[in-house]
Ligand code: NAD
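Take a look at this single chain, the form predicted on its own, given in structure tokens.
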């Protein structure tokens, strides 16, 4: 064993993360001790750091109102190596490379029993409601939340637990009606994964929309059939034309800000679906009569189930998708990682290597 766990902790809203050393402990019943090799830097970490979400109209949802308690160690995209297991744990052993499923629920309610712990009403998610992966070690509360990823890049695997998983869930929802065209709004980490997954599991044309030409170029490299810069003068018409003139059967908004949500409603066609994913926040006026007249489906996508994560890992093992890691930080530089993410300096995904 080791003397202590080194971690970067959020001690209060907006305060710089504090590097701390906490006493170690051996794993208890069903638990697994994982040496963290890589932890993804996610926009949800920013919300945790900033204290909540913009609800629009001057309203703000505090994370503490959702049950978050400071201090807390962020980081929910965790890949590492098993260091020790509790007696009786046989599914993993010391030395195994693993990906941690962080979206833990109460394990008792009907939603959890159906395998959908990610949408449990009493979440216990790692890196949000309990200490996460901005640390050199983590105790995973049950071995059933681990997926073996031997032979995979641990840096690339991290995003499969959140951004990739969320994108996978969104694409599955958006493609349920076998759309000819899927419009993806946002070419950040989520959007780029969505493009790859869309090309891998659907036959749809993928139109990617963003306001950054550099990100759009990356989106094209990732497989987008058409890219559109949302700063253009005739954006709606350009997207409509790319979809054959009638609009998109499915739109996925990986940003989910007032301008992007408005754009989604402008370009979705009759009988189409809009999947809202991002947590940028805000609100926008909705013409209520439009929804029934166009017979629209409006839905959300939040992370995904453990089963979905396993399916996604299998796709990644076949090199069907390749998460893009553009920056790596040490644990001591965790504050820089969050600042760079906030300043939109990161294309794809960044990771912390403790």
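Residue numbers count along the first chain shown, from 1. These figures come from a predicted structure and were not determined experimentally.
The form predicted together with ligand NAD exists for this protein as well; it is not shown, and the discussion that follows is about that form.
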So if I measure heavy atom distances to ligand NAD in the model of the complex, which of the stretches 87-95, 129-137, 212-220, 196-204 falls within 4.5 Å? 212-220
Contact residue in the model of the complex, from 279, 109, 152, 240 (heavy atom within 4.5 Å of ligand NAD): 279
In this chain shown alone, the residue from 317, 43, 327, 35 with a heavy atom within 4.5 Å of ligand NAD in the model of the complex is 43
Do all of 47, 162 and 303 end up near ligand NAD in the model of the complex, with near meaning a heavy atom within 4.5 Å? yes
Hey, in the model of the complex, does residue 80 get a heavy atom within 4.5 angstroms of ligand NAD? no
Using a 4.5 Å heavy atom cut-off, state whether residue 189 contacts ligand NAD in the model of the complex. yes
Non-hydrogen atom contact residue 341 with ligand NAD in the model of the complex at 4.5 angstroms: yes
4.5 Å heavy atom contact, residue 230 to ligand NAD in the model of the complex: yes
Sequence order please: the residues of 226-258 with a heavy atom within 4.5 Å of ligand NAD in the model of the complex. 230, 254, 255
